[in-house]
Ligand code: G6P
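First, one chain by itself: the form predicted on its own, in structure tokens.
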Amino acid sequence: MASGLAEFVVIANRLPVDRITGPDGETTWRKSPGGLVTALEPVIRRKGGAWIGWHGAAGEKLRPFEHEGMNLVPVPLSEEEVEEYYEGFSNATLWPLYHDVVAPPEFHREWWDAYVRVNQRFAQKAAKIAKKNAVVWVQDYQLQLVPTMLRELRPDLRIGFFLHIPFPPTELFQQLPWRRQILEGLLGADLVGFQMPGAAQNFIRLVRQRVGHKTHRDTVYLPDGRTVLAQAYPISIDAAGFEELARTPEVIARAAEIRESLGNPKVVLLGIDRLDYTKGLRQRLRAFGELITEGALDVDDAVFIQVATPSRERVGQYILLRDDINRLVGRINGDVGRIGQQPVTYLHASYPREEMAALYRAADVMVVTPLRDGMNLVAKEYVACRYDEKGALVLSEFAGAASELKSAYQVNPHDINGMKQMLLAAINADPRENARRMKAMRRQVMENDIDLWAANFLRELNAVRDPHAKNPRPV
């Protein structure tokens, strides 16, 4: 960063790196997996930009540092703030509220106070390091107050915000005691991006009803003459990178090894999710278990691998879910499994990208059945890895990806009988039918990748004009 200032700033809850402690106790940093880092890293490098975020350890302050050409600016969080701002307001209030109240949200005033305090800290950090007229891109539900807080400190900045999770309809959002403050926080941005057009419309409607600003289609008109645009930008993946990885001899060999370790069944079904109550794990496993119990699938022919990545392990709802899934898997395997042949292989662990690609290559049917999801990139990763145009995707209607992957076998995850029928349809389909479906989905995923998503958002943000300036800002 020239002069310690950046012309492009990303603000996210977490930095794009994970700390690794070696056997000798030495600490190093490794780039986090994930599409957002992949998409924004080249932009940050090219512009000498900076990424602001928490580094993952409570009660510790770190100085800014550089990692692989990215300027990283840590924001400290105390143990209490992790508990109240992150585990509390972000993940026990906003997360369930925004996901159709799949679990009941909790409303605590002290959590809200912590959320305000932490958002202010992020905004102050950005105000300090952003160059004049810089572009700042704020990410996700943990930081919805930052746009307005930052604009009050630095009215010269061009500010974008992107929400990676669903945005709820009026009937649900109005439960939130701090609904107006959240809406006003987002209105500090010039461009507010959502995964789906319906989410953008929910936001516009709420601003009109709850804040009282004039709106027209996708635009909010503020009293000071500024306008805020709310639009959908469906996020994607590094599709070419996943395909390239899936084609490597190591991944191909590992995929064969996985199938062999399962006894080379006729059909391998796969689920890969964070262990989260929004992901529909209970319903999916019940549907598969009933197909085995009823004899529609034979325990010698079909195996279900469920990878459940550990998540928010100190939040009460997640502890209950973990225990519930353990019991359900144990019951299915105990009821219909045999020695050396268990119908469900359950893996409560995280895996590197190479292992994920091997699992995608090993699976005949990918089962992605969240009760509600902003997008769900696992569905797109599976499609990117199926360069042979084999395999089938069973996909929830309530995942954002369903609007793009129209050739998937789409299901209502609440309808267990319907899910059973669709699983059988995917398993028993003519290979030519599955190839036709996969080809259509691959075209969509390969043409609309993460780079295009970032480029589209930033192009729109760069086109923003300042109504108070005599000359428009350069794009």
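What you see is a predicted model, and the numbers here were worked out from it, not measured in a lab. Residue numbers run from 1 along the displayed sequence.
Below, we refer to the form predicted in complex with ligand G6P, which is not included among the displayed structures.
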query: Contact stretch among 181-189, 140-148, 299-307, 126-134 - heavy atom within 4.5 Å of ligand G6P in the predicted complex; finding: 140-148
query: Contacting member of Arg274, Arg210, Arg331, His348, with respect to ligand G6P in the predicted complex [4.5 Å, heavy atom]; finding: Arg274
query: In the predicted complex, the one of Phe398, Trp95, Phe167, Trp112 near ligand G6P [non-hydrogen atom within 4.5 angstroms]; finding: Trp95
query: Proximity of Tyr86 to ligand G6P in the predicted complex, heavy atoms at 4.5 Å; finding: yes
query: Interface membership of Asn91, ligand G6P in the predicted complex, 4.5 Å heavy atom rule; finding: yes
query: Interface membership of Arg312, ligand G6P in the predicted complex, 4.5 Å heavy atom rule; finding: yes
